[in-house]
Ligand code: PAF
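First, one chain by itself in structure tokens, the form predicted on its own.
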């Protein structure tokens, strides 16, 4: 991978990069499309990163469909599909990891201890392998994007990190690899997440609204959907990700909800 990048650099070609864990869908395709339109070469990686999973069962259940992923990457004119195996990424004796810092300690970080350290570690390794000019990440994983920007800045990695708007299905559900684990009925029910986020954002745009009020409203509405569990609703500053006491311009509302054994996240910025 590094040898290929060195040749491309010598030729003066810009390289865009999209790191993924596979199970590609239209949301990924949008990231690929943006990279292809803005760079002369595009690299996509597929690696299911064990370091960022808190549950062995969740890791084993993560969908893997490499042959189908190859087709999607080719359709989007991706130049290189980089698919390292576990032994290549974490060889025997591997011991060094990256600490994501305070930005990773609430919301996802609070409920998934060590998750962002695993994300930061694998992203740094992948960036060192691909050496891209630009890396693209979806805004659905809002906190992840902030963590990666922080790590890239703090470690002086020469790469521009860009967020790409969330791609949604016809009823507003954010596209996610985890959606494949939902039944047809559950997929339809899960659209309530974005519907409620829009309600809360519109309310906050009209009148500054306390975080507690939004949390209580979201919690009460989710109770109407059986088999769901609200993990968190948080309002944060859109830049620093520091918790905010009110939802207003410059903040983002982030949520995590369980539908049976499938965990979905989403957000909306005001």
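Positions refer to the first chain, counted from 1. Values in this document were obtained by computation on a predicted structure and should not be read as measured data.
Note that the form predicted together with this ligand isn't included here; everything after this is about it.
Participant: When the contact criterion is heavy atoms within 4.5 Å, does residue 142 count as touching this ligand in the predicted bound form?
Facilitator: Contact check for residue 142: no, nothing within 4.5 Å of this ligand in the predicted bound form.
Participant: Looking in the predicted bound form, any heavy atom of residue 251 within 4.5 Å of this ligand?
Facilitator: Taking the distances in the predicted bound form, the answer for residue 251 is no, it never comes within 4.5 Å of this ligand.
Participant: Since only the chain is shown here, I'm wondering whether residue 49 would be in contact with this ligand in the predicted bound form (any heavy atom pair within 4.5 Å).
Facilitator: Close contact exists here: in the predicted bound form, residue 49 approaches this ligand to within 4.5 Å, heavy atoms only.
Participant: Contact between residue 104 and this ligand in the predicted bound form at 4.5 Å, heavy atoms?
Facilitator: Taking the distances in the predicted bound form, the answer for residue 104 is no, it never comes within 4.5 Å of this ligand.
Participant: Even though this ligand is not shown here, does it sit in the predicted bound form so that 204, 218 and 268 each have a heavy atom within 4.5 Å?
Facilitator: Looking in the predicted bound form, the three residues 204, 218 and 268 all stay beyond 4.5 Å of this ligand (heavy atoms).
Participant: Name the stretch: of 168-176, 196-204, 155-163, 115-123, exactly one has residues whose heavy atoms fall within 4.5 Å of this ligand in the predicted bound form.
Facilitator: The contacting stretch is 115-123.
Participant: Heavy atom within 4.5 Å of this ligand in the predicted bound form: which residues of 12-46 qualify?
Facilitator: Those in contact are 19, 20, 21.
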